[in-house]
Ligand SMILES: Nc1ncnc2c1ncn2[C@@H]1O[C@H](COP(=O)(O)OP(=O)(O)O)[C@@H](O)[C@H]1O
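Here's a solo chain for you in structure tokens, the form predicted alone.
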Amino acid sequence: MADLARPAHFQSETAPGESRATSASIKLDIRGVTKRYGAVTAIDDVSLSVGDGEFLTLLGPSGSGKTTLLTAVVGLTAPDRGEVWIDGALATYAPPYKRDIGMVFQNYALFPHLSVFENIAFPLRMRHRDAATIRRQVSRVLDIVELGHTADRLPRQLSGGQQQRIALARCMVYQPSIIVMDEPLGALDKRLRDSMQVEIKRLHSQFGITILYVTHDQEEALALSDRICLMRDGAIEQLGTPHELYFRPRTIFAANFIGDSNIFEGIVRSSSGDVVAIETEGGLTLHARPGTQRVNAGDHIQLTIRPEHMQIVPAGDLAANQISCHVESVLFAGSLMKVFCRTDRGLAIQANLIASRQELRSGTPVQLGWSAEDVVLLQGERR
């Protein structure tokens, strides 16, 4: 993979022509990439490594920089600073066709005048593969996506879900080094989107290809990813497994963006063993286990509790954290009830409870409880 001539303004710790080896397990290495559009910084000094065969999702709201970072990886955007390495080779200014990257788009981008077979065969024909190889490889991926019976059809004769599977098959047939997907399920209805998530996960497992995925849908990111890179304002907010981002968010932004959260602020009043007592702004005293995070009496702190970790405490029972409140409203969602409560001092709290035959009505007094392990201490917001 050739490294093209660099613009004069390009700055790097690596001298032109110098080779920097990367670990064999790293497929994509993004090093200090920055991109500005006038006074707006779209991505700001982002560094990120993606392992061989890993499914990594760039997650974040509109304007967080995830698509700009994706286009820098693909070669559609030239960074103002930083480097992109693919398979241990410098690719920062290599053209897209030299990066061995396959792309799957939201609108599928199938050729309407070509059959399903020819749509999938197109990247192989562009690479001058022989006819026997094309027949074998196209038939193989059609079997994997379970659409062999559609080989002679035109795209317009397929459903939306089938077209998306053909787009995936076309991208995977030539086994590119990396596949990037930019909001590929955004145009599908929920039922089909859920089905396609299972399909993408299955295909990733079967092919073992490295996937860089972009979405603003947190549920999609949690369902598909090996790791999630949560972005905000052009920078990485938190990077980790879906389990880590959901159960151990580091900031208020991370806690609020992924899942529902109850956020509190307070002052550390005491520490006994591995448990700290925190007095919140709403007059509550909460207990938490900070783990390796160091806190001292007098520290101002922010914390979160997931609504599903809260339970109604029966009369006479006790929990490590317990508060009295009354029900304001209930959203019934089949297997789940989202119960919105408020304390006598006006503090709003949400509890997600497993639905039962017991009906909770507005005004009902309840005792909510949760364990000290379920209280997550948050870091201060970055400026």
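A residue's number is simply how far along the shown sequence it sits, counting from 1. Keep in mind that what you see is a predicted model, and the values were worked out from it rather than measured.
Another form, the form predicted in complex with this ligand, is not on view; read the next lines as being about it.
When this ligand is considered in the predicted complex, only one residue from I354, V40, A333, L318 comes within 4.5 Å through any heavy atom, namely V40. Between 57-65, 44-52, 338-346, 324-332, the stretch whose residues reach within 4.5 angstroms of this ligand in the predicted complex through a non-hydrogen atom is 57-65. Scanning 147-166 for heavy atoms within 4.5 Å of this ligand in the predicted complex gives no residues at all.
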